[in-house]
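What follows is a single chain, given as structure tokens, in the form predicted alone.
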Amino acid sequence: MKVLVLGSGAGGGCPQWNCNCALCASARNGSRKIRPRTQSSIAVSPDGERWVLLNASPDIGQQLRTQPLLHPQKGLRDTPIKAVVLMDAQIDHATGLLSLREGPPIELYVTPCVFEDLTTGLPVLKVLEHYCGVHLHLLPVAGDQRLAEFPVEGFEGLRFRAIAIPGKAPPYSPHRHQPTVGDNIALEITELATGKRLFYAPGLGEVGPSEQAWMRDADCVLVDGTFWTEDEMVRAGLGSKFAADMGHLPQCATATRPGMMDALDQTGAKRKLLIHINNSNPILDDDGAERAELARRGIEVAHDGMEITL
């Protein structure tokens, strides 16, 4: 199984277009070793020829142009992307669907909650009806159903499982302040021939016993790396919200909950990576103390263009 990291940044990427914080400024002037990052999305393939896109960021056009494996291969109009699975309905994970409108109908896999958000508060799917159209595949993660195994046509060698996880619905969702099963999912993808497993959760608000079990069983864990500390945005003067307010678990623990580093310490995965890195997070600095602490724990930071083979 092959994994391409198309984008590794949180909303806005790095440097963010209107941000002059220390990290964004350093990314522009080169004073620190900070790689530019587009907004997070990955692609998965069993053979390097057919790909499933996991989240479609607003930067998807740029990401596809710079990734030769995802260029057209056959005929005048073609794409090796055969399906799209969304983890949530956030702007930075869903609006890239609009950039796919010139292609064939999109084979789209979403939960009922995400479908609702993308036809009401952010009616992307209604817009696409006037262009390529969408072939909808609803993932039955709702109510008491917190886990759903589902097939993706053409990818019979991969087993997909959608798992409800703690997180936040988008601000335009009717249940932004009433968490609902299906607002956010993680994905476990298993290559049946080898048994290798990927656990992907770019928006993870907590790691409880069930999330810890899924992470423990994976060969590669690719999870929420948005913030280093709970109060990062407030301390940097970039906002008034804390990590928990936005549905993210920071790397560092607080007095009331363990951090993502603690959770990753408990998994035996060979590859442990953080993705969806906010432009305020000091782990963006390849030579920084925070990055050194991650390396000491065997935790990597995903970057645009990274290729992972399981």
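From 1 onward, residues are counted along the sequence shown. Given the structure is predicted, the values throughout are model-derived calculations rather than measurements.
Not pictured, yet referred to below: the form predicted in complex with D-malate.
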* Would residue 288 sit within 4.5 Å of D-malate in the predicted complex, counting heavy atoms only? -> no
* Does residue 272 make contact with D-malate in the predicted complex, using a 4.5 Å heavy atom cut-off? -> no
* Contact of residue 261 with D-malate in the predicted complex (heavy atom, 4.5 Å) -> no
* Would residue 253 count as touching D-malate in the predicted complex under a 4.5 Å heavy atom rule? -> no
* Asked: Even though D-malate is not shown here, does it sit in the predicted complex so that 8, 37 and 283 each have a heavy atom within 4.5 Å?
  -> no
* Asked: Thinking of D-malate in the predicted complex, which stretch from 64-72, 240-248, 263-271, 25-33 has heavy atoms inside 4.5 Å of it?
  -> 240-248
* **Residues from 62-90 in contact with D-malate (non-hydrogen atom within 4.5 Å) in the predicted complex** => 90
